[in-house]
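Below you'll find only one chain, the form predicted alone, shown as C-alpha cells.
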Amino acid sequence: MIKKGILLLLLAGFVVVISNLIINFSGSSELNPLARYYAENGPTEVGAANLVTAVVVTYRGFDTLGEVTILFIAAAIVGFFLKILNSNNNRTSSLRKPSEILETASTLLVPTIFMLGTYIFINGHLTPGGGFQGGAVIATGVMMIILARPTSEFNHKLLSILEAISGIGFVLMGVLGLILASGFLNNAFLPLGKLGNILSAGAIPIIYVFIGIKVGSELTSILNSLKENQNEV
C-alpha cells in the first residue's frame, strides 16, 4: 500500500512538472546567436549541404567523440557481463528453427539493409543521416541474420579489428584537423569541394565512414553477445 502511494505521488509530481512545461512553453521566433552563426557561416566554413549533421562532427566534434566512447564502453560492459553469465551457465540451448519466410526474407533484405546503412553514412553531409544512423541501420541487418540463422557465428577478432581501426581513424581525423586546420575535427584540412557534391565538405565523409563502421561493429558486438548468451530449454 505504501509503495502504491509513493508511486502515485511520484506520478502526480511528474504530471505537475510536465503540465507546467507545456503551459509555459513559448516557441522561439528567431535563432539564438550560436544557431545563427551555424546557419550563416556553416555552408562556407564546413562546405556541407546537410549542416545539421555536419555540425555534429565539426563544431561539436568533442561531443561526438564522447558519444562514440560511451557506446564503446557500453558494448564492452555488455560483452563482459554476458561472458561471465554464460561461463556460469551449464544449461544446454535448444533454439527453435526459424520460419522459411524469415530465412528467405533475410536473404533478400540483408544486403539491401547493409547497402542502405552504407549509403546513409557516406551521404551524411548531403542528406539526413550520418555515421550513427548508418551504423544503426547496419546493425538491424545483423539482427535479421541472427533471427533468421540463430546458429550463425560472427568473427569476434574481425569485429575488434574494425572497432579499433575505425576508432583510431576517427581520432586521427581529429588530430589532422588540429594540426593542419584550426581545431580538432576541423574538416577543412581537405578541400571543401563544391557544395552539394558527394566529394565535398572536406574530411566529413571520411569521418562519417569511420563513425558508421565503429557504431555498426559495436552494436553488432552487443547483439552477438546477447545471441551467444541466450539459452532456451
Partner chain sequence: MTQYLSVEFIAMLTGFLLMVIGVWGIISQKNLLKIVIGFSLFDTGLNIVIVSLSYVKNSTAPILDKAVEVSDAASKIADPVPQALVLTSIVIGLGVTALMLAYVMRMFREKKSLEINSYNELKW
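All of these numbers come straight from a predicted model, not from anything done at the bench. Numbering follows the first chain given and starts at 1.
There is also a form predicted together with the partner chain; it is not shown, and the following applies to it.
Contact annotation: the partner chain lies within 4.5 Å of heavy atoms from the stretch 30 to 38 in the predicted bound form, the single such stretch among 163 to 171, 30 to 38, 197 to 205, 184 to 192. Interface residue remark: L109 is not counted as part of the site for the partner chain in the predicted bound form, having no heavy atom within 4.5 Å. The partner chain is not shown here, and in the predicted bound form it never comes within 4.5 Å of any heavy atom of T118. The partner chain in the predicted bound form comes within 4.5 Å of no heavy atom belonging to I101.
Within 4.5 Å of any heavy atom of the partner chain in the predicted bound form lies no heavy atom of I122. Candidate site formed by G61, A105 and V175: none of these residues places a non-hydrogen atom within 4.5 angstroms of the partner chain in the predicted bound form. Along 18 to 56, a non-hydrogen atom within 4.5 Å of the partner chain in the predicted bound form is carried by I18, S19, L21, I22, I23, F25, S26, G27, S28, S29, E30, L31, N32, L34, A35, R36, Y38, A39, E40, P43, A49, N50, L51, V52, V55, V56, in order along the sequence.
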